[in-house]
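This document starts with one chain, in the form predicted alone, laid out as structure tokens.
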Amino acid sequence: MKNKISIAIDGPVGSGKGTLAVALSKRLNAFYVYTGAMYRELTLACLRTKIDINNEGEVLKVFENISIELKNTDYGVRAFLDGQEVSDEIFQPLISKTVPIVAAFPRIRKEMVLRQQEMAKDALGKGKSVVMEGRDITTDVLHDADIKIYLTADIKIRAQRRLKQLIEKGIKTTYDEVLEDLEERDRQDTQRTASPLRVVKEAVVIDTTYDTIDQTVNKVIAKLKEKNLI
């Protein structure tokens, strides 16, 4: 049994990655890293400075001059951009539509991976387990993770979940708009040249379409016990 472990979770939007990661981090007293928020913060910074969002060089300059921070709190993960909390702002529709452009740049992904790896290294060095979720965690960020998980679910169910999340954040949208956005995000995530979303052979694949949160968590806990990690 290991004192500290690293858990890598990948999957498309709305598959339950964040919900699972939060539950696992609480259960294991682990540091949770929501990598998607980091790309959203960068996107927000780019929009604020009004650069050409399609110019990788300009995006990289913004990235090199901003502070991106994630804090685990009793109220979930909070996102801070240059010291200012932007946890709700980064989920505005314009950010959601623009972030795939920013996240597709190879140099941006390379530098973001380095930051994420450093965050994991820092937490593990302090004796904390790490739960990290995103779209390239099992493939690029935590390629030596103790366990790799890939979550999937029917896209209609994913759209319903995403719609609920956005409404809870006070963002006005419709099911059809969310479904269309997810279809486009899936296409972009799986077809981009840099670090596309894919299932690695060693991943534990879990379909959450008909699962409750507890059922998904219990499946992962069972795998961790099977591997003698907890």
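Note that this is a predicted model, so its numbers are computed, not measured. Note that residue numbering begins at 1 and tracks the sequence as displayed.
This protein has a second form, the form predicted together with 2'-deoxycytidine-5'-monophosphate, left out of what is shown; the following refers to that one.
Thinking of T35, Y39 and R162 as the candidate spot, does 2'-deoxycytidine-5'-monophosphate come within 4.5 Å of a heavy atom on all of them in the predicted bound form?
Each of the three qualifies.
Just one of 64-72, 22-30, 47-55, 182-190 has heavy atoms within 4.5 Å of 2'-deoxycytidine-5'-monophosphate in the predicted bound form; which?
That would be 182-190.
Looking at the partner-bound form in the predicted bound form, is R109 within 4.5 Å of 2'-deoxycytidine-5'-monophosphate by any heavy atom?
Because a heavy atom of R109 falls inside 4.5 Å of 2'-deoxycytidine-5'-monophosphate in the predicted bound form, the answer is yes.
Might I149 be said to contact 2'-deoxycytidine-5'-monophosphate in the predicted bound form, defining contact as any heavy atom within 4.5 Å?
No - in the predicted bound form, heavy atoms of I149 and 2'-deoxycytidine-5'-monophosphate never come within 4.5 Å of each other.
With the cut-off set at 4.5 Å between non-hydrogen atoms, does L81 touch 2'-deoxycytidine-5'-monophosphate in the predicted bound form?
Result no; L81 lies far from 2'-deoxycytidine-5'-monophosphate in the predicted bound form.
Can any non-hydrogen atom of P93 be found within 4.5 angstroms of 2'-deoxycytidine-5'-monophosphate in the predicted bound form?
It does not: once 2'-deoxycytidine-5'-monophosphate is placed as it appears in the predicted bound form, P93 has no heavy atom within 4.5 Å of it.
Only one of V99, A120, A153, A145 comes within 4.5 Å of 2'-deoxycytidine-5'-monophosphate in the predicted bound form by heavy atoms, so just point that one out.
Only one listed residue qualifies here, and that residue is V99.
Can you tell me which bits of 126-146 touch 2'-deoxycytidine-5'-monophosphate in the predicted bound form, meaning any heavy atom within 4.5 Å?
Stretch hits, in order: G134, R135, D136, I137.
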